[in-house]
Structures are given as structure tokens and as C-alpha cells.
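Next up: just one chain, as C-alpha cells, the form predicted on its own.
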């Protein structure tokens, strides 16, 4: 049901864009106003989430570890799985961000015959994640040709490498196929594995269907639909310079593609996709585990009025003596008793 609701939501977005552009002629709305709203929501939501994380107190070291902590000199520590220096944290973060090391080392739990619990690798999930993220990065860089003039040299170089097989005219980029295949695998995995399907929510399926919609419309625009590429670039450059102009000759499918991209931008800061930024600010990743070498005091502790034992005994010394409780300081004798003595 969650998958169906997500698919219906994406199809509704596509239908809304088609009706708005084809039937309503709302080119300015979907080509200018919606992109600006999406950018504002993206930047505003990004700042809001980052500031919220930055304000969250992290007084103690809570990194997740899977190795020996630095302790005695004769005990070998794990420098990167349990780093105790800034350099170790830097290496660990680089391995995590660039190669998804924790996902590579992840295992899956299964119950075999005879109710025996077994653990196995999940390398297919790691490969799918790597393929998806890196192909997405390459596609993002390739699209810089629509937002820059002149086009940076590395964009042309990347396009040449990406389309080195020279399949079709225009050239079919390998990352487009990899991106589409990786998304399909991640979606089918959620649908096919009962345990994963059980914990999957709408906000797990919706980004996958939305990205599939973006990929599908992008491939159709490049290989099957004739549109004015020069007009598209004029529109994108106009959006960046705050002088947008709608050009005739742009196919309506481009506005559907743009609307889905804007939806992704607006949805990004309020979704699980924020792990792209959150991984840099996660205290379970970016802290050195040096709690055995450095004493960490909580700087957010509110001042508390301390009532010491001496003060407590001063307040209740007579009652404690009357009850036969030991006291550090005997009570002062009363005046009448002192004269009698």
C-alpha cells in the first residue's frame, strides 16, 4: 500500500504538470515560479535542518565503533574503526562518504533450517548504493552544461568519458543506464524482501518513484522527444540571472521533468535524503573516541544549587543526635546546660 500511494503521488505530479502546461498554458508557473519556490524551500529547509543539528548538544563522545579502542600501549587499537585522533576521524569519514564502508561491512540476518540464525553479506545492496550515488553525481555534473556559459572543461571531459561507447545519436550515456538500473534494484529490493517491505514507509518509496520519474522523462527528452535545447539553456541561465524568459519550442515534457526536479528539491530537506548533509554532522561518525585520554565535561549543564552534607548536618544535627545517628560535629551545648556544667 505504501508503494502504491507513492506511485500514485508521483503520477499525480506528472498529471498536474501535463494539465498545467498543455491544457492551461501555465508555462511561466511551471518554468519560472515553481523553480524559484523550490529553490527557496530547498535552501531554507537546508539551513533550518543544519541549524537544528548544530544546536543539538553533544557533550560526550558517542562514535559508533567496531574495533579496539586506544588504551594501553601494548594493546593494538583500530585506528580507523575506532579513531582516537583527528586524522583517524578524517580517514574514517572519507571511507564512509566516498566508499560507504559501513554499508560494505553490513550483514544480513536469516533463519535457516532448524531455526538456526545465520549471518550473510549484503554486497548487492552496497553495489546498488554505490552505482546509484555515483551515477547521480555524474549526471548532476553533466547537467552543469545547462547552467554555465562557457561550459567548464571538466563537464565536456566527463561527457566524453561517459559516452565513450558512442551508442546511438545523440550518444547514450552509460550513467543514465546505471542510474536507472540502480534505482530499479533498490525499489525491487524493498518490494521483494519481506523484512524490508515491512519496515518501508511512504517516505521510503516516494523518492525512488520520483527519481525514476525524473530519469524516465530525462531519457525521453534526450532520445525520443524533439525539443529546443538552446531554449532550455536560455531558460536555465535566465533563472540563474533572475531574468527568466520562456522560449517557444520547448516541449511540454521538459516542464514535467523540471517540475519533478523541483519537487525533489523542495522535498529534499524534509526527507531521509538529508543524510547527504547529515553524515558530515553525525556525532557517531565525526568524533574521535578519546574518552580514555580526555575528560569531557558537559558544557550545557545548568547551574545547580548544591546542598552539601555539612549544610545538611547543620540543618538537622539536633534531630540526628536525638535519633542516635552519628554526626561529624557535635551540637553546641545549650546555655542552661553549659552553666550547670
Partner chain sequence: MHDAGKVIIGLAIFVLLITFPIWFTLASGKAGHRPELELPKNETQCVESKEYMKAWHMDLLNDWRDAAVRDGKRMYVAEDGKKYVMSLSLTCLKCHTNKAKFCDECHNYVGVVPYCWDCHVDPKGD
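Residue numbers count along the first chain shown, from 1. If you superpose the two forms and keep the largest set of C-alpha atoms that fall within 1.5 Å, you have the rigid core. Everything numeric here is computed off the predicted structure, so don't read it as measured data.
Quick note: we don't show the form predicted in complex with its partner chain, though the next part is all about it.
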Each of 169, 233 and 237 near its partner chain in the predicted complex, meaning some heavy atom within 4.5 Å? yes
Per-stretch contact check against its partner chain in the predicted complex, the hit in 130-138, 196-204, 181-189, 147-155 (non-hydrogen atom, 4.5 angstroms): 147-155
Determine whether any heavy atom of residue 226 comes within 4.5 Å of a heavy atom of its partner chain in the predicted complex, and answer yes or no. yes
In the predicted complex, residue 241 touching its partner chain (heavy atom, 4.5 Å): yes
Considering only heavy atoms, tell me if residue 56 and its partner chain come within 4.5 Å of each other in the predicted complex. yes
Taking the shortest heavy atom distance, is residue 159 within 4.5 Å of its partner chain in the predicted complex? yes
From the list 40, 273, 47, 33, which entry has a heavy atom within 4.5 Å of its partner chain in the predicted complex? 47
Even though the chain is shown alone, can you say which residues of 275-297 have a heavy atom within 4.5 Å of its partner chain in the predicted complex? 276, 277, 281
Kindly check if the Cα atom of residue 299 is displaced 2 angstroms or more between the shown form and the other one relative to the superposed rigid core. yes
